[in-house]
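Only one chain is given next, in structure tokens, and it is the form predicted on its own.
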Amino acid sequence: MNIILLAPPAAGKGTQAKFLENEYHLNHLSTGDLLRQVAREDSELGQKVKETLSNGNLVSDEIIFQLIDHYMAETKNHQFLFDGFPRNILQAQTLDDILSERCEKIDAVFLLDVTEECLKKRITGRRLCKNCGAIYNVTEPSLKPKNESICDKCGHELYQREDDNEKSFEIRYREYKKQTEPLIEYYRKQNKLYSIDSMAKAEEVFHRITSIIEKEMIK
């Protein structure tokens, strides 16, 4: 089972990916996580990726393919959950080719649908735990931590990602509309697209996704 989570920035891909990873034992392939890992490395590539992310720009396809090829080659269980990839038609076609060579395919694409105003609030208010990875949002009462700088779960420090600001969001959202939104029609024509209202609570969004998986994909 291979799944893609398709959504604009801060639509909840990371949260749903963790739920799905645990529920169905999928390999969570997040290009964002891969890029941030590289950005922490003391290398020329790491510095280049760090500067690109800090400016709110997108990393080149060449680097993305390099990281994904390495990840897939190192993974034994070839059941993937793609989070943040593909982000344009060329990447989608290339991914289809890669999977076809393995006699595999994308089984479902879940589009997480959220308004632009809600996305902006989510991204500027997002906070993450440095220790356990828990995600909070200081602008949403249901996701707000008791202490704005401390994780409720493990007591470690919360932080805001460098690219979680309004300027970076506007750049990333424009790029999403231009590059990634055409994928909606690309996967709809393949009868693989499922649109999910992601304005609801994370648990409800997850329930909607799993209902489709159980009905359509698991026999």
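Numbers for residues come from their place in the sequence shown, where the first is 1. Just so it is clear, the model here is predicted, and its values are computed rather than measured.
Beyond the structure shown, there is the form predicted in complex with a small molecule, which is absent from this document and is the topic of what follows.
Judged by heavy atoms within 4.5 Å of the small molecule in the predicted bound form, the contact stretch among the candidates 39 to 47, 181 to 189, 24 to 32, 150 to 158 is 24 to 32. Heavy atoms of Y136 never reach within 4.5 Å of the small molecule in the predicted bound form, leaving it off the interface. When the small molecule is considered in the predicted bound form, F85 lines it closely, a heavy atom lying within 4.5 Å. The closest non-hydrogen atom of L58 lies within 4.5 Å of the small molecule in the predicted bound form.
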